[in-house]
Structure formats: structure tokens, C-alpha cells
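Coming up is one lone chain in C-alpha cells, specifically the form predicted on its own.
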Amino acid sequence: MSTHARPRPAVRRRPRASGLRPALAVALLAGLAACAPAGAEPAAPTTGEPVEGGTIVHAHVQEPPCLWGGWIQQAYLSRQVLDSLVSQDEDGEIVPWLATDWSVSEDQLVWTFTLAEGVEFTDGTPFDAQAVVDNFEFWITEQGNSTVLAYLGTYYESSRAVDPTTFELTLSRPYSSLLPALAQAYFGIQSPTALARGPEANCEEPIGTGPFTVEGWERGSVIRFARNPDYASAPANALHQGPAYVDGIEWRIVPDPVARFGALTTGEAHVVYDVPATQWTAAEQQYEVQQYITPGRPVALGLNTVAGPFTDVRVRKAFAAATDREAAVRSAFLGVVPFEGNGTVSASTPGYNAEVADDHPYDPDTAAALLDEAGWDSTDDEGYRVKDGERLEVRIVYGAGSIITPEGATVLQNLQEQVAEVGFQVTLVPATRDELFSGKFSGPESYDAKPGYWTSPTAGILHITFRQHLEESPNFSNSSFYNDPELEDLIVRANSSLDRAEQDRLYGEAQQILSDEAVSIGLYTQTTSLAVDPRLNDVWLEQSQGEPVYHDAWFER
């Protein structure tokens, strides 16, 4: 077995306009008052001359419950308001942001960060080492950030302010993936004064040091961000330093894909998120289209290994062999979103094991033989397999319109039809976002299979998604409830290794174990896609997980 470190996630983006940068900075910083033209034909020729100010209208697919938190849809929003300690550039390198420098002790347990001086939160609270301590201490509580807790919960020991510009983080064991994790917007630093207001106020108006502030939120309709005129703490990989060029952002909630893309064609929006597959070709012809293949765990079907029919590995392998998943994905997404056969790590993630992606090819004969071997060797009048008088029924619960898009639901429907040919009866159960987030479908008794993803810039995501689910230390991110101490040890050793080749080898072995046990069936890559009006320049997707960045964006005539 060999493992292959893959390149960083590919993002197609428009080149910067040449010869404009110095003049643009002067022109736009001189005064940001006028609104960008709306309603014009987006494909019309442009002059390349900047327009002062303007408001970016971003049409988005869904609205999260809060403007920050542990879901990627929340990270997209909090990125506009909250700065993080570090950022990740296009080459995958970690670069300074609120932390200007850092070092780690010889035993890899104590991280020391030197912080930027003279930075303030937009409520006037000073940004200093104690503010960072307050955020870390907040994150690891149940009221904090669930994703940060998943990353740091088994690693965090303590943190302290050595002095106002020196923050010290102590880990319980080495964690080589720390810096890439910190680059994600989940780790955006909030004002301690604002945190003290309580969860409701922070939900609706998180306060950071970022390029924009929350101006207002009309639930179900629009979130408004206003330019922070005092912004002076952009990351090292930003296209410029200083305040944003535009006056603000209108983040409109437009769930219907036809209406969302239509808003771009009529000039009502400047950017649309999640370009519909049916409009992809038209979008590429008229607009700047960016597609980011998210690293981490792809959209995969976690099979329940502790309750129901998938407790038998032969039935899990039979289900995988009965699905022509590549054809199902290609049909649903019209070839726009890539198929991913590895159900544990996406191809854009360092440490990806490419060989695993081919482990479960479409083979209905093999599927039938495996079911026979597992005792599901007879069928009822409708052609479904039976055993001991019970039908082979699989209940797939999926987040309709939240975790799973309409195209993703079509993938599941395609699989439902395919596996029926070998005798599986699949019942698809669409779950609302609130049902999913409330934990209604988190226990092993609530589903036989559940699709999901987890964005992450490192294969260390395996520690979150496949750390053992034990009574004394439950892990509901392990949607398969697959417990293997040897597997967990491999992942922990990979997370602690400083040798990249050793990391990749251990991560690769872990992926192979999971593939051999068929606990997670790969479907397709989680992606971020944007279509951008050609009059709007320098919109970019950051590299840790594809968050849209509007700090550098500017309009032209």
C-alpha cells in the first residue's frame, strides 16, 4: 500500500487586474460612499476603472441559526467579522494574521504566539493575550464552539497571557495539525466584552477585529455587514492591508437555486453561492466561476456498525458493491462536482490515500454473493432480501437542504434505485436542520446510514470523525459508531508526528482500515462554488476550507 500527498485544493479565480493596485488603493480609501451599479447586464464590457465604495450583494443558499459557530455555513459569515491567529496561503503554508510569530517547545506541548500590537475589537476592547485566553477558555465549554471543541477537546491543557502581546497555549500531547486548524474561521477571535453579553447577543452580532461589522439581521431574508473603517489587521496573504474597499455586504438568503442564479443574471446580486449544476456552463460563459474542492472528509455515507443490518461487515460491503456511486454522482451533478470513492478523506487533503478510492467498485454479482453469505439468501414477493422473516431494510436519514443539497438528494435517490436490484429496501428520511442540530438523529438507534462531511485542511480530521464513540467519551461525529483502538492509536500517532512522510503513512493506514471495514462509503466532494459578476474584482476563497473573502473586493465601472 502506498499513500499520496495531494496538492492543496484547487481554486479557479480571476487574475488580478494589472496596473491598478496602487491607484486603486488611493482612490478607494479616499472615500467609500457611492453604491455599485445594480441591474446592469453582467456580461457587458467593463472599463477597468474602480468605483468608490459600493455594497456587495451575495446570494446564499441557506441561513444558519447564528452568525458564528461550528458549521461551515457559520464560518462563511464569521470570516467577514472575526480575524484568526493565523491564515493559510495558496501553497498550504501557515502565515501571520493576529499572531505575527509563533514557536513551539521541544516536546511540542507548549506553543507561544506573539500577537499584533495596537489592534482593537470594533467595540473598543483591546485585542491582547488575555482576550485570546478568554476565547480558548470559552471555546472548550459546551456553550462555546462545537467544532473547536472537536479539534481541541482531547488536546487542550491550558492557556495563559504571558504578557499583553504573548499568548501561551499548552497541549496535553503533541498536535502537528494545530496551525492548519487555527486557520479556519471557527477559531475567529471575539471580543471578551461581547462574549460576556451572553449567547443571544453573540449569536446575532458577533464582535471581532475584522474588516466588517454586523449591521443588522432580518432573519429569513438578509444579513447586513458594514465596513470597519479602522481595520488594520488583515492576514499576510490578503491582497491589500487596511480597510475594505467596499461599503458593506448584503448577504441575502435565497434557497431556491433558480432564483439565486437568476439574481445574478438580472443584476440583483453580484455573487451567488453554490452555482446550480444546470446553470454551470452558462455561468462559466458569463461570469467568473470559482470552485473550491474542500479538504477533510468528503460527503460520505456513514454506515451504522453497532445497530441494524450494517453491523455485519459483509452487508456493508454488499451495499457498497451494489451502488454505482460514480454514475449516481455524475447524473445528479452533471459532471460538475467530482465523485469521491474514499469515504474518509477527500482527495484535496494532504495525507490522502488514493488507493482506497478504488476499493469498492460497482459489482452487483459480488453484492449478491455477500448477501447470500450473510444469510440474506432469499427474497420476498417484492424482490427484497429477507432473513429470519425480516426484510433487509435500510433507513437513511439526511439533512435535506442543509447538509445535503437537492443534487445530493438526487444522488441518494439514485442509490436507492440501484441497491434495490440486489434486494436492499432503502427508506430515505429527510431531516430538517433543526432536527439534525437538536440531536434527534445522532444516536445509533435513529438511523442505519447517514450522509455527512467535515471540512478540514488536514487528514487529522480522522481523529474527529473516527475517534471511538465510548460511554465515558462519546463522539457523535463518528457517525458509524465504529470503535477500533488500533485505528485510534494510528491517527493519534499521525497527529503527533512531525515527519510528513510518517504522517502520510499512518493516515494512509488508518484510511485503509476504515475502507477494509466499509464503515463509510464515499459519494462526492464537498465544494464551495461562486459565480461573480465581472464588475466585481478580487473576490477569493481562502484555502483552509473555502470561506469567501470580501475584504479585498472592489467594483469597476
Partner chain sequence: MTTQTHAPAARRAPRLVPSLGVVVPATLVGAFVLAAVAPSVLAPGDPTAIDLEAAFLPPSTEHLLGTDQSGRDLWTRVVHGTRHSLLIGLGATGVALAIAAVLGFAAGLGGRLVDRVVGSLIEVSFAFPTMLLALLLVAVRGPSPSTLVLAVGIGSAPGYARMIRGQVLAVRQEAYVEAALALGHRRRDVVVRHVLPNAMRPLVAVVTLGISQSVVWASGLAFLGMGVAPPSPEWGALLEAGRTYVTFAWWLEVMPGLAIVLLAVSVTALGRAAQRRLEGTDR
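Note that this is a predicted model, so its numbers are computed, not measured. Residue numbers count along the first chain shown, from 1.
There is also a form predicted together with its partner chain; it is not shown, and the following applies to it.
Does residue 327 reach its partner chain in the predicted complex, with heavy atoms at most 4.5 Å apart?
-> Residue 327: yes, in contact with its partner chain in the predicted complex.
Spell out, yes or no, whether the shortest heavy atom distance between residue 187 and its partner chain in the predicted complex is within 4.5 Å.
-> Result no; residue 187 lies far from its partner chain in the predicted complex.
Flag residue 417 as yes or no: does it have a non-hydrogen atom within 4.5 angstroms of any non-hydrogen atom of its partner chain in the predicted complex?
-> Residue 417 belongs to the contact set for its partner chain.
Partner proximity in the predicted complex: residue 334 to its partner chain, non-hydrogen atom cutoff 4.5 Å | Although its partner chain is absent here, residue 334 would touch it in the predicted complex, with heavy atoms inside 4.5 Å.
Can you say which of 163-171, 276-284, 224-232, 456-464 gets within 4.5 Å of its partner chain in the predicted complex, counting heavy atoms only?
-> Answer to the contact question: 276-284.
Among 410, 154, 176, 159, which has any heavy atom within 4.5 Å of its partner chain in the predicted complex?
-> Exactly one listed residue reaches within 4.5 Å, namely 410.
Name the single residue among 257, 267, 180, 96 that comes within 4.5 Å of its partner chain in the predicted complex, judging by heavy atoms.
-> Exactly one residue meets the criterion: 257.
Quick one: which residues from 379-399 get a non-hydrogen atom within 4.5 Å of its partner chain in the predicted complex?
-> Heavy-atom contacts within 4.5 Å come from 398 alone.
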